[in-house]
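The data below hold one chain only, encoded as structure tokens and taken in the form predicted alone.
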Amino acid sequence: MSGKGKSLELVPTKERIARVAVRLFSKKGFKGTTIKDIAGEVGITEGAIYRHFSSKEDIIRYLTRRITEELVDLIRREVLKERTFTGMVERLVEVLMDFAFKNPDSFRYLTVYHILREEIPQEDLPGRKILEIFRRAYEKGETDLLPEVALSLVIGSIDRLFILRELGVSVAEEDTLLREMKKAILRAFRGP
């Protein structure tokens, strides 16, 4: 540590590997990212990675499980507590947009991997939890949008807005984007 007042963040090697891997996977894809790439960015040897993960696929499974659990937990804690369908939709948009803007690598990773496809139990997927919300609302007559269409509308809209923001096409403030996104999605759920 230098005498310039900088503090060294002590992050376990496995966590450093995970942080670098999620960033590389989210930008270069799974096939485009090698163990050598990850090791080089972390500043360790390829062999050191294998002390923490058995393979690149093991890193992918670890990241997928960790990111999905975090997002599913947010949905359970923040969205499912709402008493009305409209409240759930509003809170879902808030949670997903907040997650995307605060965790861009993780959000990008999920869209690369796909929000519904994983090697963990299907009921634990973020997309499945969201789909359940829309199925219940559809069955109760709270929306006339098919659950799959509702899921596509919310996830697709937020994903596209996230991409536009990352490309610099959208320069609006996050709170403005959130307000407009909620308004547009709620209008779609209300119908003509």
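All values derive from a computational prediction rather than experimental measurement. We number the residues from 1 along the sequence you see.
The same protein also has a form predicted together with the DNA, omitted here; what follows describes it.
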| item | value |
| --- | --- |
| Option from 130 to 138, 38 to 46, 163 to 171, 143 to 151 whose residues, in the predicted complex, bring a heavy atom within 4.5 Å of the DNA | 38 to 46 |
| Contact flag, Thr33 vs the DNA in the predicted complex, heavy atom cut 4.5 Å | yes |
| is_contact(Thr13, the DNA) in the predicted complex, heavy atom dist at most 4.5 Å | yes |
| 4.5 Å heavy atom contact, Lys27 and the DNA in the predicted complex | no |
| Arg66: touches the DNA in the predicted complex, heavy atom cutoff 4.5 angstroms | no |
